[in-house]
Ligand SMILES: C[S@@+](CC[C@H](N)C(=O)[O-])C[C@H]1O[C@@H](n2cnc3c(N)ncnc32)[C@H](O)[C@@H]1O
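Okay, so here's just one chain, in structure tokens, the form predicted alone.
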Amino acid sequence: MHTGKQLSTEIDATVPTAARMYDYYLGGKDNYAADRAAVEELDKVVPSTRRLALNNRRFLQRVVRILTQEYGIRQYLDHGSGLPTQENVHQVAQRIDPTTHVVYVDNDPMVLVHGRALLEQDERTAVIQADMRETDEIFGHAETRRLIDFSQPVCVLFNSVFHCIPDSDTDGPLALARRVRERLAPGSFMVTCQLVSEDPEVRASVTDFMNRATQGRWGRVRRQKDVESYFEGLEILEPGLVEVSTWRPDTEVAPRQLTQEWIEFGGVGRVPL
């Protein structure tokens, strides 16, 4: 079990974070010069990244809408949620059913500040600061216990975050996915995708760049077979594990990932009934 350490409440504007870089890619304003410079450098390594970030966000919104509307999910636990943007999980879900409960989890203090300000008037939504690997802490948190009933189906989101976690037997992505899955009631869902590439040079260059940029606060680009292992024991919803812009697109002309240098790869798994 990952024991972790006390999370910082200080915002360091000089070191890029994945959350703030992602915010910049999505057109947000909650980022600093260091984050924008890192994005510019990353674009030189993999120019398709902005489209990839936008498509990943649309995937998240489609998943939440479909699970709320078609599968009756009314509680969401979003690991590594990032900075608030347009059309967040609670907004998409509560538009369908205002009673839906959402808990956001992130270790970035900036996410905590902005998230709590945004959700101050929303009793059905909360933001907690925690390392996504701290499963006991997250599931036992007072806000999680207040909003999530784990005896009932819940959707657990790991959307574009597993590449931020280094490999480890106890708190790497595979161990984390297994640990969380064991706590979910039948009929629950786990949504997972991460950055993958089948090109070893892309995997090496992006992993090296992101770990240098974030001072070692990252994981690695993986392969599709790694992501497939996270869904062990789950029933995978159609169309299966795919590049996320092709997961149940709203229309035939929806934006697609145009290059394959690296992609967001994943899908939705259900705990068997």
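Just count from 1 along the sequence shown to find any residue number. Since the structure is predicted, the reported quantities are computational estimates derived from the model, not experimental observations.
Keep in mind that the form predicted together with this ligand is not shown, yet the notes after this line are about it.
Picking from 52 to 60, 221 to 229, 238 to 246, 200 to 208 the stretch near this ligand in the model of the complex, with a 4.5 Å limit on heavy atoms, gives 52 to 60. Proximity of residue 181 to this ligand in the model of the complex: non-hydrogen atoms within 4.5 Å are absent; the residue sits far from the partner. By the criterion of a heavy atom within 4.5 Å, residue 107 is counted among the residues contacting this ligand in the model of the complex. Residue contact check for residue 147: none of its heavy atoms lie within 4.5 Å of this ligand in the model of the complex. The closest heavy atom approach of residue 159 to this ligand in the model of the complex falls within 4.5 Å. The partner is absent here, but in the model of the complex a heavy atom of 165, alone among 190, 196, 165, 73, sits within 4.5 Å of this ligand.
Here is the short version: of 177, 102, 154, 132, the single residue with a heavy atom within 4.5 Å of this ligand in the model of the complex is 132.
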